[in-house]
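What follows is a single chain, given as structure tokens, in the form predicted on its own.
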């Protein structure tokens, strides 16, 4: 396993290289750059001269291969560059915004797994029953609706109509309890719930389908013949085998869940990587665009690696020799 992990980690290097080349070329294919707005500012004297100086100082007058390899050289030294628009090191900006996105994504994933797996098991145990039919209909409905629609509905119902949860930010400003544990949790629940609902519906259906295949297996019939009943069969035998495809999907979805928080963070004014990456693209902030895109790519690759590792622990038959 250790050899396999090292091999996979080394295999990430060429993948990341290709990703950075594609992103770099697409980024420079966009019209304009971060400094062109200066030319159109009527209040600024000598705008053209200032623009040319900034372009030269940041190396944007160099050819694309030179700019790319300069960025790679700095990256290998741990330097992601200075943000054009915020005038701060990109690494510091990512370190500031990343924990909020991680908190949101991890909370949403916990909600998905804790809620969807028991529901899917209960559906499989009572297949075609009233609960199975109703919950399956709700799951398909939830999976068909985009996450941002859920976000708006939840804000309208839980925040504006019933005033149960705050609709924006991470803390409540101007109150004595601002920033304490309960205050932060109350601000986290609404965006985490909106982010988790489509995935919750999908994992419920996935658990149900996998469990139905396992329930009719020979080893489950043998367990019943030995006198095992109810929850012991369901959790010890059915879940242990039905969860293997779920683990694989979990690793694949981890990066998607992380990047899927981008839009929802804007809706809930959640200061995370979504806000940072969108502002970077709007401002043509090349170092910040490359830094955030590289982080999203690493997240997807790590999710795939994590899925393989978890599968090896969940299924003893899997060997990475």
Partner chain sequence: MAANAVSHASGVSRAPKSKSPLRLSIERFFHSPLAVAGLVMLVAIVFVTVFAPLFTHFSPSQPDIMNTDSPPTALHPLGTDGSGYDNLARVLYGGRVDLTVAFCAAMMTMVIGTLYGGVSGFFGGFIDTLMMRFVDVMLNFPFISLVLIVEAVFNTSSEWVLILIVGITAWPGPARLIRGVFLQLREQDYVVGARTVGCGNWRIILRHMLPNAMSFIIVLVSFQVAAYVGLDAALSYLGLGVPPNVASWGGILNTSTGYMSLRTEPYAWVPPAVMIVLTILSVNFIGDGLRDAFDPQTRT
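Positions refer to the first chain, counted from 1. Computed from a prediction, not measured in an experiment: that's the story for all the values here.
Below: the form predicted together with the partner chain, not depicted.
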Exercise for review: Select, from the options 155 to 163, 239 to 247, 113 to 121, 69 to 77, the stretch whose residues sit within 4.5 angstroms of the partner chain in the predicted bound form by heavy atom distance.
Suggested key: 155 to 163
Review point. Is there any non-hydrogen atom of residue 281 lying within 4.5 Å of the partner chain in the predicted bound form?
Key: yes
Review point. Is the gap between residue 30 and the partner chain in the predicted bound form 4.5 Å or less for some heavy atom pair?
Key: yes
Exercise for review: Look up in the predicted bound form whether residue 107 has a non-hydrogen atom within 4.5 angstroms of the partner chain, and give yes or no.
Suggested key: no
**Study point:** 4.5 angstroms heavy atom contact with the partner chain in the predicted bound form for residue 9
**Key:** no
Check your understanding: Any chance 145, 263 and 300 all have a heavy atom within 4.5 Å of the partner chain in the predicted bound form?
Key -> yes
Check your understanding: In sequence order, which positions of 289 to 308 have a non-hydrogen atom within 4.5 Å of the partner chain in the predicted bound form?
Key -> 289, 293, 296, 297, 300, 301, 304
